[in-house]
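Quick heads-up: it's one chain on its own, the form predicted alone, in structure tokens.
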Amino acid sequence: MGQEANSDGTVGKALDVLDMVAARGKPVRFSDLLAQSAFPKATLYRFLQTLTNQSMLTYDEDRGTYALGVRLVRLAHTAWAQSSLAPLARSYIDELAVESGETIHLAQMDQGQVLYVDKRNAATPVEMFSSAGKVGPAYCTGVGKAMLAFMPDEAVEKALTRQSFHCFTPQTLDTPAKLKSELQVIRAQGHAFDREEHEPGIICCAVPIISRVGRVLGALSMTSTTHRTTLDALEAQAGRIKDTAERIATAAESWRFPEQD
């Protein structure tokens, strides 16, 4: 299936090709990319050659495959250091993880989706979707809903257009109306839940990280399983999670972050 046409010219199209390679999660052949791409064969090949020449991609001549290049690793590291909450939040989430013994997630909003920027595993690690660097849906995760609830109305409406509202579990909020109703509740109580909405058996309590001027910088969650604890028990930790979020927000006051959509 071809990707949607990009309105950002040559640069946007080249980034579409990068996204195609990245989405495979492993080295990919030209023929596989061509089958997915809306670009003509010659155009796709030209983009791949340019990206390879710029070290954004690498090409394995023996296997005939493309993979993400080392230049992207350098750029990602720089972006993580300059634009992510992770470096300044590290000590705070370390402390919260040790005190609670549960999994702690730190996330930011990226184009209407949740970007997990850091994670601390529980004392007894649990297998789950999230990991640092992964992107997940905003509408059915605790951190996503916590951020959406405190974003400006215009930003929320824009983010809603980027949600799939796929029903992952019977508990998933699968329409904009259901989500908006819950966002009102989250604003009133100050924290959000994941009630097994993204993954069966996975629950969490999440709070937004908000700057002194009311800007949503990210979100923090304490995550566990229905086999280990309950939502009531996680909610009992909401005060501790909020305190950690406020300390991160205070630390971020002297830092500059890019605007989030």
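Keep in mind that this is a model prediction, so the values were computed, not measured. Position 1 is the first residue in the sequence shown; the rest follow in order.
Beyond what is shown, the protein has a form predicted together with the DNA; the following relates to that form.
Partner contact region in the predicted complex: 27-35, out of 230-238, 198-206, 213-221, 27-35, criterion any non-hydrogen atom within 4.5 Å of the DNA. When contacts are judged by a 4.5 Å heavy atom cut-off, T10 counts as touching the DNA in the predicted complex. For the chain shown alone, S55 is not a contact residue for the DNA in the predicted complex, no non-hydrogen atom being within 4.5 angstroms.
F193 falls outside the set of residues with a heavy atom inside 4.5 Å of the DNA in the predicted complex.
The DNA in the predicted complex comes within 4.5 Å of no heavy atom belonging to T226. Annotation for 17-51: interface residues with the DNA in the predicted complex are R29, F30, S31, P40, K41, A42, T43, Y45, R46, F47, Q49 [heavy atom within 4.5 Å].
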